[in-house]
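One chain follows as structure tokens, the form predicted alone.
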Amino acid sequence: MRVELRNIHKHFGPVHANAGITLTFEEGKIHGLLGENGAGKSTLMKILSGFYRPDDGEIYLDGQRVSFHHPADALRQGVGMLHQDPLDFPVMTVLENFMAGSPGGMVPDKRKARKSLKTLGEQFGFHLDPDATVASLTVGERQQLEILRLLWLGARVLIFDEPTTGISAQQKERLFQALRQLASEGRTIIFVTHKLYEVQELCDTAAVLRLGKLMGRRTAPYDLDDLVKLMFGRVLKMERKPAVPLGEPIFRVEDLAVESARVRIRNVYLEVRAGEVIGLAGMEGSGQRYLLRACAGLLRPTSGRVWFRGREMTGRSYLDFYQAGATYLPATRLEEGLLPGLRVADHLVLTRGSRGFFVNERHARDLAQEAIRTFNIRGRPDSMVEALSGGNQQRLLLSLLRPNLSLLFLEHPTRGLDMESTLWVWEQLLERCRQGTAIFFMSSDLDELLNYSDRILVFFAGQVSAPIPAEELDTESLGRLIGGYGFVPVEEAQTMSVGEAAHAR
């Protein structure tokens, strides 16, 4: 299916999210749509998939003008979109989610659907248990389920909005194989991203948006510096974390063990000093998140001990850690970090407090304006948080942090952010390090782990390495450790010399 967007305009109040964009997407190819956070990429694709109606402009499919009133209209015409945060029903089973939106009346044919799910899954190498709940799946598995559902519903144009966010390298490889296969079968693939190396690896063409406008279009092979200039107006480089004098030890875990239905982590020993950054590396689902949550009081460890600022905190709640000077920032911004349905100003009042018993609207707006100015949030005090882009949601979360934190736990702190936003976020975090805050973070981005960590813990098959100085690693050696090659569990490393451990790596 050939897709044409002609002179598309979309406003959200004074924000001109799409300003006269004209693009064509040919069948049988993978088309990259690049841009920084807030550039208008997702808005444009939501217009194409029926979530938004354009203020002006036209959509053509195979030369025929179409108009969509909602996503079901677009899907009936063959256009389906996989969103950055999968739109599924976590409490329902894989099979029930697969059938969502399908025709079949009050009593759909589950046997037929089960067979189709199995057949499609085998075609793409996706192995999903039809009777498992979606809540038990990883982000990558939830994406696989949505791809199969869209194909079953007849999608010929497939839009992927930041699909590699929060998935493992192995799942990304499987996803890319599936996209190449879909394109070879004649489907039109639109791949929305801000990651240049993914476009270089995968896409036949790349269109670049900036501030709602089309800045240019390129075909493979690409000049990456050229794409960066189109995206940001200048070339950006990620630098290594500058040396920060470390303070006294403030956090310690000893022989810590954490269990879940999917993984068991044991024998974790770690001491963290003020101003230090500890990175957690491993394949998705290897236990990094469980360890972070156990260290912050959000998950009770099965054994071991935890100390924070000289006090034993084993088994204490997150509120106890919070009151002692620790804060946790989750990866799921709208599920755990922010409150959908509330404004930017409401969030500032909730975290900073109000003057008096009733909320003072002028004070709330002043707090919000200050945060918007200081943290460069592209929004207004009365903007709903769900209407902000991922990068602006992350900036808002950072604006809500208290000053003088001793310890900051972060899940994927730059998840879904473009390079410029990533650099900005780490500028803010490293400034806190200079003020004595220790940072404990997990990430699937190896460059981020290597550039900003002082030491790295590697997770593999339910085991954790001893802390490894980041300066001793590069992307290749860290990637091998994550895959289990040369991995040394902490209990073995304790019996080895420094030279032996380095040789094993």
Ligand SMILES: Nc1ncnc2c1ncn2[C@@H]1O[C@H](COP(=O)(O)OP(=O)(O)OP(=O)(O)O)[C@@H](O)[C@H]1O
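We number the residues from 1 along the sequence you see. Since the structure is predicted, the reported quantities are computational estimates derived from the model, not experimental observations.
One more form of this protein should be noted, the form predicted in complex with the ligand, which is absent from this view; the next part is about it.
Query raised in the report: Taking 4.5 angstroms as the cut-off for heavy atoms, does residue 437 touch the ligand in the predicted complex?
Result: No, no contact at 4.5 Å.
Query raised in the report: Closest heavy atom of residue 52 to the ligand in the predicted complex, within 4.5 Å or not?
Result: Residue 52: yes, in contact with the ligand in the predicted complex.
Query raised in the report: Contact between residue 15 and the ligand in the predicted complex at 4.5 Å, heavy atoms?
Result: Yes, residue 15 is a contact residue.
Query raised in the report: residue 298 near the ligand in the predicted complex, any heavy atom under 4.5 Å?
Result: No.
Requested in this report: Just give me the single entry in 276, 411, 141, 162 that has a non-hydrogen atom within 4.5 angstroms of the ligand in the predicted complex.
Outcome: Of the candidates 276, 411, 141, 162, 162 is the one lying within 4.5 Å of the ligand in the predicted complex.
Query raised in the report: If you check 84, 133, 205, 102 against the ligand in the predicted complex, which one has a heavy atom within 4.5 Å?
Result: In short, 84.
Query raised in the report: Which one of these stretches, 443-451, 34-42, 472-480, 61-69, sits within 4.5 Å of the ligand in the predicted complex when only heavy atoms are counted?
Result: Of the options given, it is 34-42.
Query raised in the report: Using a 4.5 Å cut-off on heavy atoms, what residues in 185-203 are near the ligand in the predicted complex?
Result: Result: 194 alone.
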